[in-house]
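Listed next as structure tokens is one chain, alone, in the form predicted alone.
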């Protein structure tokens, strides 16, 4: 099995971090292929960055022909619906994966993400997925995404403070970490607080493996029907020149 892990931003160190996490949980017969978008923002923190990241991410998926499933390694689930239109292989966003796994492990959960401007997009996704009743609150730690790459100890402390508030104020029973850059903190925080602390990358990889083994594919009907070939064949030239 070959799972493509796509980082929609252009920061290769974040791709490497996601790749390590994915390989840690992947089965022995699963190959993780991690790719970094070549066009777009260095980090995705809100609506504007998300919109700017989509063409490069779609190009990255199109460039890789040999895969069984795709993980979109951005917690905003950047371009998730568009990606499902250009391949019939399972495509899973790490945000949706984290929410749905948390919902099976707890009655209610909170999300701890990076900046406040990222919160509305995540709240909209929760409503879209029908998860807004189980997610008590989306909290911002006010850590810029790129700071997670350079000062992990400080980031862990700030995220830990938000988890403490989530337990006391939200009465959350689980926490979903709201950024792919937090993937390496999940185990430590889960042990520290004695609750499930989930990162979406590992959840998404595990779900991809299950869907592939079940021989499931993305529907070609309705909204995920593929666009006409002429609309996608020149994606690189049109959007990323």
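Positions refer to the first chain, counted from 1. It should be emphasised that the depicted structure is a prediction, and the values quoted were computed from it without experimental measurement.
Not pictured, yet referred to below: the form predicted in complex with a further copy of the same chain.
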Among 195, 185, 32, 35, just one has a heavy atom within 4.5 Å of a further copy of the same chain in the model of the complex, namely 195
Residue within 4.5 Å of a further copy of the same chain in the model of the complex by heavy atom, from 166, 148, 92, 135, is 92
Given that the partner is absent here, does residue 12 sit within 4.5 Å of a further copy of the same chain in the model of the complex, heavy atoms only?
no
ask   = So, in the model of the complex, is residue 217 in contact with a further copy of the same chain at a 4.5 angstroms heavy atom limit?
value = yes
For this session: Give a yes or no for residue 58: in the model of the complex, does one of its heavy atoms lie within 4.5 Å of a heavy atom belonging to a further copy of the same chain?
Result: yes
| task | Would you please decide whether residue 130 lies within 4.5 angstroms of a further copy of the same chain in the model of the complex, comparing each non-hydrogen atom pair? | result | yes
Within 95-119, the residues having any heavy atom within 4.5 Å of a further copy of the same chain in the model of the complex are 96, 100, 101, 103, 104, 105, 106, 107, 108, 117, 119
